[in-house]
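Shown here is one chain on its own, the form predicted alone, set out as C-alpha cells.
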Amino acid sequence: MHISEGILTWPVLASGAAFAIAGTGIGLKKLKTEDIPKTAILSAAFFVASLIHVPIGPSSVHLILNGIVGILLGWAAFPAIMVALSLQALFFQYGGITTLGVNTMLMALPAVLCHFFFHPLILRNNQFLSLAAGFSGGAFSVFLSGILMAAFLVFAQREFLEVSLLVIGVHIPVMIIEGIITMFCIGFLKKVQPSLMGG
C-alpha cells in the first residue's frame, strides 16, 4: 500500500510531509530509551512484512502490521514506520522519497489511532476482550490506511476514484488476516511478556 512518485500533486505531498514530520517529532519526544529495542524490532517486522506480496485479482497486496506496531508503540509508531519506509524506498523503490511523508501518514496515523482506541481494552484482564481488541486493531488499521490512501489519490486527481475503491476492496482479505495475526500476537505477548504491552 505505497503511493509511488509522480502521482500526487505538490500541495498533497507537502501536507503529508508536514504531518509526518510533526508525528515523527512527537513520537521521538515520547520514545523512552528502554523502548528503543522494541521499536527497532517492530520497525524491522513492518519492513519485512511489506516485502511479501500476495496477488489478489488485478492487484497485489501485502501484510502491513501497522496495527500491532501502533498498539505496542503509540506515537513511536511514526518514527518506526518512517525508518522502515525510508529503507524500502531506498533499497527496493517502494513508494519514493517525495512520497515518504504521505506514505508515513498512511501507515502511522492509523497505527496511533489503534493505540488510543484498542490499547486500553487490551490491558484489561478479560481475555476475550483483549483478543477482540487485538483483532479489531489489526483490521481497523488496514481499513483506515486504505481510506487514507483513497483520499490522497482522489485529492490528487478525481480520475483515481475507481482505483481508490479497488484499493480498499482488495485489502478486505488483508484486514481479516492482519486482525488474526494481531490477535495472536497480543494473546502471546500477554502470556509470555506482558511488560511489552506497556501500562
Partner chain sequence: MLQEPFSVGNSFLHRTDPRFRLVSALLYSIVVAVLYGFFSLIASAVFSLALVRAAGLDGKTVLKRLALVNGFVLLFLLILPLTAGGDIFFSIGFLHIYQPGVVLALQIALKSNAIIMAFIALVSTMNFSTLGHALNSLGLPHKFVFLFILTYRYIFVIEQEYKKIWRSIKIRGFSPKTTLHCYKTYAYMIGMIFVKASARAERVYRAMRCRGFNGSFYTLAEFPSSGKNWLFLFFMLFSTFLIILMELYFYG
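Numbering follows the first chain given and starts at 1. It should be emphasised that the depicted structure is a prediction, and the values quoted were computed from it without experimental measurement.
The same protein also exists as the form predicted together with its partner chain; that form is not shown, yet it is the one meant from here on.
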Practice task
Report yes if any heavy atom of residue 107 sits within 4.5 Å of a heavy atom of its partner chain in the predicted complex; otherwise report no.
Solution key: no
Exercise for the section: Give a yes/no on whether residue 47 approaches its partner chain to within 4.5 Å in the predicted complex, heavy atoms considered. Expected result: yes
Exercise for the section: Give a yes or no for residue 149: in the predicted complex, does one of its heavy atoms lie within 4.5 Å of a heavy atom belonging to its partner chain? Expected result: yes
Practice task
Could you confirm whether residue 15 comes within 4.5 Å of its partner chain in the predicted complex, counting heavy atoms only?
Solution key: no
Exercise for the section: Between 77-113 and its partner chain in the predicted complex, list the residues on our side with a heavy atom within 4.5 Å. Expected result: 79, 80, 82, 83, 86, 87, 89, 90, 91, 92, 93, 94, 97, 98
